[in-house]
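This document starts with one chain, in the form predicted on its own, laid out as structure tokens.
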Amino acid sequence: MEEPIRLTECDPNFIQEVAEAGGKNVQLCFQCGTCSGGCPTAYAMDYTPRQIIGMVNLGMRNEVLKSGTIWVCSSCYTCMTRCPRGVEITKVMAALKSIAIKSGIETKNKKAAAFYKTFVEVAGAYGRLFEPMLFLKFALKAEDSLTGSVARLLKDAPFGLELTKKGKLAFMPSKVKNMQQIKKIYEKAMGGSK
């Protein structure tokens, strides 16, 4: 049996916090379920996109930010393009990730959160993605021990070799021309601090 929702535990300001982080129009959702029905990663989520939007509207901050769903969202935009009310669900999921990171909230899906954080960190450092650094930093963040990190790197090595053979993996990072501008964008997106 599921726990009842206790409104005394809900945060009435959460919907505003989500809107300020970039997730607008959440209150327009009328719970039709179109987003969940079309979501290619819904099978791996602890709550469907429809449930997450409903929970945001109720102010269930802790449950939403601790859920694995926000980290499993692949940002494919299927939900957004199909939403009859124009709810920007993909942007809501990104806003929720940002809020969770800023709040230091631990999630159920630690590896997905580690990948997301690493991706943002590497892209922020170089202005674009540098895959070898992404693989290395992710292995160190996702595993609980050095042995686990080495095992993950060895597991991913064949993929890296295949990319290298096809000329798709650079050995040295290249930065964009105006890194100062990228850093400003990155800092603004991360709430003023790195």
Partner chain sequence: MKLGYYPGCSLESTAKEYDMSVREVFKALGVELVELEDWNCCGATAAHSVDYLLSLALPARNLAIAGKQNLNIIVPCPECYQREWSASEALAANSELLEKVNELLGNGLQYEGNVEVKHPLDTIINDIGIEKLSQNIVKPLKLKAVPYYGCVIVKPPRKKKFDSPENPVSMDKILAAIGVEVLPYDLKTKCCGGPVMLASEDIMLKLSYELLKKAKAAGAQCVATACPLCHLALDAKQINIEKAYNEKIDMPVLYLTQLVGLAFGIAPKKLGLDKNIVPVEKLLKSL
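In this text, rigid core is short for the largest set of C-alphas that superpose within 1.5 Å between two forms. Here the structure is a predicted model, which is why all the values come from computation and not from measurement. Residue numbers count along the first chain shown, from 1.
The same protein has a further form, the form predicted together with the partner chain, not shown here; the description that follows concerns it.
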item: Non-hydrogen atom within 4.5 angstroms of the partner chain in the predicted bound form for each of K66, L146 and S149; value: no
item: Non-hydrogen atom contact T107 with the partner chain in the predicted bound form at 4.5 angstroms; value: no
item: Touches the partner chain in the predicted bound form: Q27 (any heavy atom, 4.5 Å); value: no
item: Interface membership of N13, the partner chain in the predicted bound form, 4.5 Å heavy atom rule; value: no
item: In the predicted bound form, R128 touching the partner chain (heavy atom, 4.5 Å); value: yes
item: Within 69-83, the residues that have a heavy atom no more than 4.5 Å from the partner chain in the predicted bound form; value: W71, V72, C73, S74, S75, C76, Y77, T78, M80, T81, R82
item: Core-superposed C-alpha of K166 shifting 2 Å or more between the shown form and the other one; value: yes
item: Core-superposed C-alpha of N178 shifting 2 Å or more between the shown form and the other one; value: yes
